[in-house]
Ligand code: KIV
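Let's start with one chain on its own, the form predicted on its own, as structure tokens.
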């Protein structure tokens, strides 16, 4: 049986220079396969808004939707470190509301930690959740929930001023009690500074190799998501094209009568069709309805 990692295992991996590998998952079956493959962690990201629900971004995702998918992933991967992603609006009000929403992920879904976006501006939220005995992962750089303020899905930290802001965000979240940080869409030079200066694990997505591990969106690496492909994505398969072929073949077989074939059906036991015919009462032929003149 696969041993589930703890925060201490992840910390030791950083200290040994061993990369942690994780990806998003939104359903039971994907989580099962990921655990079987040996994935270190699974994130039930609010990216499900785009990958599952077809929203233009992550903002519309609700807490209820997120919890629903997180429960499924936990059932599929009981021995994998699972991260619940707090959606937009779940920690933007009072500190108490943020803490209570975080509690729901642990009580309802059995997550190992929660993740939330932002740096300096959410440090007090991170501290409050951590002070209540829950693991928190920070998320800095490109924060998809704030794309309106950022001017779209744009890389961050490409100027000295922007890079300094990302670094300060990461430092603030770390000092507030986050056990790890995800850095998204920033130059490797900036990621290197953060990973070297912070004592906690620093993971990346679109942030180069100068960090303690990588996360990717499952529908991106499988080649299923069709809307767009970020620059930092490496497609390990093109399942979207394969799925299209399968659907077309299925349609063709049904239309032409090739499916279902005899091997796809169940036969009655020997002699049972004759018994059935004897058991049925003779019926008068149905008459056609009379037409009005």
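Numbering follows the first chain given and starts at 1. All figures in this text were calculated on a predicted structure; none of them were measured in a lab.
Although it is not shown, the form predicted together with 3-methyl-2-oxobutanoic acid (KIV) is what the next lines describe.
Under a 4.5 angstroms non-hydrogen atom cutoff, 3-methyl-2-oxobutanoic acid (KIV) in the predicted complex lacks residue 66 among its neighbouring residues. Looking at residue 215, you'd find a heavy atom of it within 4.5 angstroms of 3-methyl-2-oxobutanoic acid (KIV) in the predicted complex.
Though the partner is left out of this view, residue 43 does reach within 4.5 Å of 3-methyl-2-oxobutanoic acid (KIV) in the predicted complex, counting heavy atoms only. Contact check for residue 184: a heavy atom falls within 4.5 Å of 3-methyl-2-oxobutanoic acid (KIV) in the predicted complex.
This chain appears without its partner; in the predicted complex, the one residue of 190, 205, 77, 113 with a heavy atom within 4.5 Å of 3-methyl-2-oxobutanoic acid (KIV) is 205. With the partner left out here, 3-methyl-2-oxobutanoic acid (KIV) still marks one of 176-184, 91-99, 156-164, 69-77 in the predicted complex; by a 4.5 Å heavy atom cut-off that stretch is 176-184.
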